[in-house]
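Just the one chain here, the form predicted on its own, laid out as structure tokens.
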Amino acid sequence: MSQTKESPVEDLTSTRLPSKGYAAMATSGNLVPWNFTRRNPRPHDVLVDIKYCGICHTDIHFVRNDFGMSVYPLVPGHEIVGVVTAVGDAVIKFKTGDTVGIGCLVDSCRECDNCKQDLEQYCLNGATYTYSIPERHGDGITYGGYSNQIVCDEDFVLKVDGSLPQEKVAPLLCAGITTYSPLRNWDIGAGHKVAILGLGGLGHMGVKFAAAMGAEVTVLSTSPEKEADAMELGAHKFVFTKDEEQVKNVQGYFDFILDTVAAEHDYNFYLSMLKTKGTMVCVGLPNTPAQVPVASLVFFGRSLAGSLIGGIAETQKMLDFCAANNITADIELINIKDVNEAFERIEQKDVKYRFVIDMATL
């Protein structure tokens, strides 16, 4: 490390960084306070003081090992906004004092065909996620944003516009890019009829993005009480999907459906609402396999696809789009001591629409 920078980095060459956060110690346990260490910043690393971290439903999946890949102790959190407090001597993109974001990715191989196309989330050699994944250079397991600080290579750090409230920006690093990416990849804009299936942490961002892109936006929901919220968020129409007449009126209606539902549901029911050549993109991750009659796709040329977050370049474009259009997440700011209660409330769908942890309470 350079000896000329006014940075604590050069003092950290012999010991790992003492850090603190909240961690799950086992599949069945609650999150508890935990002291741990992070790797020392390397030449291309930045050290970030975490100010806010959003709570994603994926955090709950990982804490409970629903995907069979969790490593304990596990510090969740991949919707991170903070301030750079130190930089390595080879860093060129950031300086101390910058407000930055870190999302679901902290590294990738950078050499495969996907990485070379700015699709790091689909790294053919395995993307390095922000938590519960072995670091690429033998520095242990990654730990997420439910903590006081994080070390990350500058290529996986995002610039955050200072005009937006930091706590409302945090969920953009996952919920934002997860919904922005498929809308952009399918060129959604003026003249398109778009449905957002589910009005939660992901869905409410999908409504905001699709409306800002100029599409006609309809929210599909099993909760009629969400209609007023849908309209306030920017939707033009609302369909209560348990009302047969309302469902009948949107058969073959939509060009594009963004499916944000993470629970088991009938895909064919919603595919029938697509026009010929229409597309439904899934961004939620139910635990059960989808049952889709191929005939519902073949006879109308419909497509059923999936989308995983976005690459780093696209995530930066999303953040810039949000700054230009004054788009942020609707949140409830919480004390980290209330994180286990927040997990319970998420499962009960009792949040509008994203919990964000104020890391000053750690």
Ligand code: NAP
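None of the values given here were measured: they were computed from a predicted structure. Heads up: residue numbers just count along the shown sequence, starting at 1.
If you look for the form predicted in complex with the ligand, you will not find it shown, but the lines that follow are about it.
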property: All of R39, T85 and T361 with a heavy atom within 4.5 Å of the ligand in the model of the complex; result: no
property: Listed residue that, although the ligand is not shown, lies within 4.5 Å of it in the model of the complex (heavy atoms), from T218, T130, S147, T260; result: T260
property: Listed residue (L274, V75, V283, V207) with a non-hydrogen atom within 4.5 angstroms of the ligand in the model of the complex; result: V283
property: Partner proximity in the model of the complex: V339 to the ligand, non-hydrogen atom cutoff 4.5 Å; result: no
property: H44: touches the ligand in the model of the complex, heavy atom cutoff 4.5 angstroms; result: no
property: Partner contact for I346 in the model of the complex: the ligand, 4.5 angstroms, heavy atom; result: yes
property: In the model of the complex, M25 touching the ligand (heavy atom, 4.5 Å); result: no
property: Heavy atom contact within 4.5 Å of the ligand in the model of the complex, the stretch among 289-297, 302-310, 44-52, 326-334; result: 302-310
property: Sequence-ordered residues of 173-193 touching the ligand in the model of the complex, heavy atom within 4.5 Å; result: C174, T178
